[in-house]
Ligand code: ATR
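One chain comes next, on its own, written out as structure tokens in the form predicted alone.
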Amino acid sequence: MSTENRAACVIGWPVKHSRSPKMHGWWLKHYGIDGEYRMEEVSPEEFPAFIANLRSHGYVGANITIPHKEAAFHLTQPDERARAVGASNTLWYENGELRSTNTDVEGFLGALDAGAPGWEQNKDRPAVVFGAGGASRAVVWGLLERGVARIHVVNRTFERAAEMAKLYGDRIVPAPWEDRNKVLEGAGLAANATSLGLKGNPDLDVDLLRMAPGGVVADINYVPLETKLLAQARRLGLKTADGLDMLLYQGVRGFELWFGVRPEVTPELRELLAQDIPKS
């Protein structure tokens, strides 16, 4: 398949660590599309002007990464998912307007569907989400969309967890950090939306034995590929979903919006991205 040359990019500060160019570059080649996907390192001070002139820079859209997601939300026309999360990570033009969404939601759900098929059978059991930042909001919103009945949000700063309950309603139950094991009792799903377990950081110390049989454990981190949390879950016979699949599935919608093809996440692409990531 071929289409007119189009370009998209990932914008961050810094941005050299991003694996998005490798992912989108593979898709462009795989589908025979005459397009490009580049990196743009843009400072917070320069970001508003860059976004205002995105089209004149030659782009039909962009991915947004740290620290610009909240600024992108305010500088574009956000959809329901972006408004729910309060941050945007994918931009595109529609009827001359710069629109935005948050595909971290579908990235998280895609990782769950791929890594733990049938996980929704647990939706009547409580879920536990560790963290109350932007990543946590995407995780929580995704679980709410899929009908999870009750979600405990556990955070070191209890007030931030309580804000999530105000934001999303009475299906959210905030909990202080010292209760992190208590709320795991009988849980059907646990999701780490903190940087704990990321290479160089302390591990997330929780007792997964308290979870319901057949429970699911997800981790948004993908460096290392198997965090100690996921390794512990697998040893206990729990299903798992990892951060690399989340990265892959969050990229699907943007590619479709920019290049007109809905790409497939394949084992070959996953292996390509996994090559330079520490395994444990």
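Because the structure is predicted, anything quoted here is derived from the model rather than measured. Residue positions are given as counts along the sequence shown, with the first one as 1.
This next part talks about the form predicted in complex with the named molecule, which is not shown.
> Quick one: does G131 come within 4.5 Å of the named molecule in the predicted bound form, counting heavy atoms only?
Within the cut-off, so yes.
> Would you check, heavy atoms only and a 4.5 Å threshold, whether S195 touches the named molecule in the predicted bound form?
S195 belongs to the contact set for the named molecule.
> Give a yes or no for N155: in the predicted bound form, does one of its heavy atoms lie within 4.5 Å of a heavy atom belonging to the named molecule?
Yes, N155 lies within 4.5 Å of the named molecule in the predicted bound form.
> May I ask you to state whether V148 is within 4.5 Å of the named molecule in the predicted bound form, using heavy atom distances?
V148: no, not in contact with the named molecule in the predicted bound form.
> Between A84, L184, A135, L75, only one gets a heavy atom within 4.5 angstroms of the named molecule in the predicted bound form; which residue is that?
After the contact test, the surviving option is A135.
> Using a 4.5 Å heavy atom cut-off, which residue among R99, R160, R125, R210 comes into contact with the named molecule in the predicted bound form?
Filtering the options by heavy-atom distance leaves R160.
> Using a 4.5 Å heavy atom cut-off, which stretch among 166-174, 111-119, 195-203, 75-83 contacts the named molecule in the predicted bound form?
It is the stretch 195-203.
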